[in-house]
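Form predicted on its own, single chain, as structure tokens, below.
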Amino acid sequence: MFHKEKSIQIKNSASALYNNLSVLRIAPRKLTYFTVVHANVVNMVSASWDGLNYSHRQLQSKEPNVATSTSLIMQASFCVLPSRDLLVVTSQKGIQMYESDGSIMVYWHALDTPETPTAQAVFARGISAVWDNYICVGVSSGSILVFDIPTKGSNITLSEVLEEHKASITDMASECSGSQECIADMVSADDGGNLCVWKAGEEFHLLNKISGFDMTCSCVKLWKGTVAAGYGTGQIRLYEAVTGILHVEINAHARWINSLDIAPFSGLLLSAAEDSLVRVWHMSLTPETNSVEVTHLHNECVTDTQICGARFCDDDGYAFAVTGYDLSEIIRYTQT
């Protein structure tokens, strides 16, 4: 179903982080941007669709009053809003927001760090664009910071802090189907495996809390009112977002799942784990019976590689890309 394409080389290898790959498709310019985190650097590649042109950029982690920061970057993710696209970078010191090509930093938010070192690390992780004008970012305390993003310029403001999680945020996702009928707008996950489902607005409201089993939920997606969650057990669970009903549980991988993605137009689900496997599934929803069915379509083995990022390159799921710990390349697969 999928075949391997030519890989894209990157300047540094990928760090062993959840969701360590972000992809932004720029259709008018026939370009795709990729970002991969290595220690305190974001490797950014712009690739033309014909495969002939590649340009590289590196973004450093920032912190106040320091020329070169050594604070580790936890995640880099593109956030697509109706009026603009931003690249959000989270680290141990704060949150950086750039124009999508990485050329200009438009906003910096410092994290509250304790005066005296504590047992708990401080970092930001989990990034999601929500609605027309919000970007939500999770932090290690369990808080979620909601930023109000203007249509242009750098007048970005912190509009709300959501205090529902007690453990570090791992990942967040907004409804990706584009459907106006879905009640839930965003789902957040934490280190304890707990999921919170949110309704967005001038104030965010908690719709539902789905309890975890003290096993980390490392990645989460939201599609047509269904939450897809990947766990350290190698399992994928599909829940109805508003009620928390468990529709499907799949023993998908032998090791920790590090990345999930959904192609919203086709219902394809991509899962990638530390067992070297990338799997493609198909989800079908039957609203009349309120049921979800999942079929396994394809898998690829990236031999001897701890996969840490996997993303579809388009909304149909025609192609996907994969990163692995210590690999200095982005591996691409396309449908045959």
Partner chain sequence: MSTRTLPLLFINLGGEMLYILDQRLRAQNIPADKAKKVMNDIISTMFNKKFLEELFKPQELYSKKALRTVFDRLAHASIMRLNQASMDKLYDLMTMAFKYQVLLCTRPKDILLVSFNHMDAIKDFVKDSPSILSQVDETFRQLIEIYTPLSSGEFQLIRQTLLIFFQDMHIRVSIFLKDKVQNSNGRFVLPTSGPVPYGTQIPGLIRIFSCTGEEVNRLQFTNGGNYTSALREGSFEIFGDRVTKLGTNMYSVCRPVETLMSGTSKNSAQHPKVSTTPNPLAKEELNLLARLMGGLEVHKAGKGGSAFRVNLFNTDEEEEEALLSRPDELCYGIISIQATKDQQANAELTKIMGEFSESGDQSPSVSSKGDDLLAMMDGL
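Positions refer to the first chain, counted from 1. All values derive from a computational prediction rather than experimental measurement.
Note that the form predicted together with the partner chain isn't included here; everything after this is about it.
- The single contact residue among F78, W256, Y107, W131, judged by any heavy atom lying within 4.5 Å of the partner chain in the predicted complex, is W256.
- Checked against the partner chain in the predicted complex, the candidates E249, E164, E160, E99 yield a single residue with a heavy atom inside 4.5 Å, and that residue is E249.
- Annotated contacts: W281, D304 and Y325 all touch the partner chain in the predicted complex [non-hydrogen atom within 4.5 angstroms].
- The partner chain is not drawn, but in the predicted complex it has no heavy atom within 4.5 Å of I183.
- Though the partner is left out of this view, T233 does reach within 4.5 Å of the partner chain in the predicted complex, counting heavy atoms only.
- Proximity of V292 to the partner chain in the predicted complex falls within the 4.5 Å heavy atom cutoff.
- In the predicted complex, F312 stays away from the partner chain, with no heavy atom inside 4.5 Å.
- Stretch 70-78 is the answer when you ask which of 147-155, 202-210, 220-228, 70-78 has residues with heavy atoms within 4.5 Å of the partner chain in the predicted complex.
- Contact annotation for 268-285: residues with any non-hydrogen atom within 4.5 angstroms of the partner chain in the predicted complex are E274, D275, S276, L277, R279, W281, listed in sequence order.
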